[in-house]
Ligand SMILES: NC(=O)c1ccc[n+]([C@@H]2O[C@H](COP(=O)([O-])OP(=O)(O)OC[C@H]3O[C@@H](n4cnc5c(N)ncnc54)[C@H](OP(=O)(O)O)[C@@H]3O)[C@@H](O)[C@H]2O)c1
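Take a look at this single chain in structure tokens; it is the form predicted on its own.
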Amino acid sequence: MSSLAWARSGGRAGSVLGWGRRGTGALSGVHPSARRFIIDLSYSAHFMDFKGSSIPSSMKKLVVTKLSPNFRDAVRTQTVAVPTPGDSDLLVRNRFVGINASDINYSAGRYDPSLKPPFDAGFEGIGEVVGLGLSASSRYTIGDTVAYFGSGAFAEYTVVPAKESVPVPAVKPEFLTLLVSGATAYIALKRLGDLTKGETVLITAAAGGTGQFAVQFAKKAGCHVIGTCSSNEKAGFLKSLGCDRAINYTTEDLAKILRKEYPHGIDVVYESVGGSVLELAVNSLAKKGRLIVIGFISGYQTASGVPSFRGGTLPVKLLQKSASIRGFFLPHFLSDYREALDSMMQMYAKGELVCEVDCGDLAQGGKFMGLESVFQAVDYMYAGKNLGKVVVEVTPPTVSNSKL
């Protein structure tokens, strides 16, 4: 790594966070230009992992090479040079990356039609800082642990703007669950749910990455919570979170249960499945009910990405109940992001929030280890086998070779 010039730019798309830890200015008395191409090696402690964890000259990353909702068809593993951080960037050695249902929306080009392949895949990661630019060293140092929410996470190393990094106490996958899944549930229910104590809340795919948090936040608001899931094991997990009625839709009729046990309807629905489940949710709304659409995973693997929905009478149904349907897309609510993350971090630290992680220990191929297992992890999630947030361990813990 001695030949690397640590001020060379390492490109990365996405700008979602504004996070710093030790101020925002450059080092005292130093006025770096936008890009330094010659580095005084006396500053090497600021730029290189001097603690003994060698940085290789090349790495693997996952790249979308063609647009397709079939993740295996769209994405390829490439070996490239390890990127170098710019003046205000961090080089993060990814330990864990999170799998999201929308990974295939991204690989299909649905989020930004102007984005053409090739482009990097993955939304979120957590790991150690192993390199950084001069300005970034005013807030971070080698060995710091950070998480981030942005593109290019499916890689062994990722360059992340320092201002978009989230300092975390340790490289634990539980913190990774909060970045997208937890934040989605927290902000959506707070801003769009208008939860009131005593109301009835239905959460679909409740044992999944974001559903687990929706259950907990609705219970904290004093609501009666119904959660749908696909197995008795998941139903047991939901009950352990405080879910009042866990419905295993593979053995129970969801529509009949809602009609029989909740004849007055559902006040709030946190919905991520789409299609027939969305239709049922609309029909089950109570007067002044609110339905929050946070996704429609049942259609993501289709060509259009949207499941069939019979909405011809939707205006009448909403009018008759003074009900509403509200859409939620996390990047539209970034002004709420920092407060949400701070609050969830505090709850987790106090033992008040469960962050269930599924690393594939019970998957057919075993635990999700190494970047190549991202493909298996995506398949695993879409097969509905996960309990909690699906996470891949990209690299093993750092073992220092330092003799000091």
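All residue numbers are counted from 1 along the displayed sequence. Just so it is clear, the structure is predicted and the values come from calculations on it, not from any experiment.
Not on display, but discussed next: the form predicted together with the ligand.
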item: Non-hydrogen atom within 4.5 Å of the ligand in the model of the complex for each of Thr200, Ile226 and Ala281; value: no
item: Option from 309 to 317, 160 to 168, 93 to 101, 261 to 269 whose residues, in the model of the complex, bring a heavy atom within 4.5 Å of the ligand; value: 93 to 101
item: Distance check, Phe119 to the ligand in the model of the complex, heavy atom within 4.5 Å; value: no
item: Interface membership of Ser298, the ligand in the model of the complex, 4.5 Å heavy atom rule; value: yes
item: Exercise: Phe328 in contact with the ligand in the model of the complex, heavy atom 4.5 Å; value: yes
item: Exercise: Gly209 in contact with the ligand in the model of the complex, heavy atom 4.5 Å; value: yes
item: In the model of the complex, the residue from Thr77, Ser276, Ser324, Ser230 that sits within 4.5 Å of the ligand by heavy atoms; value: Ser230
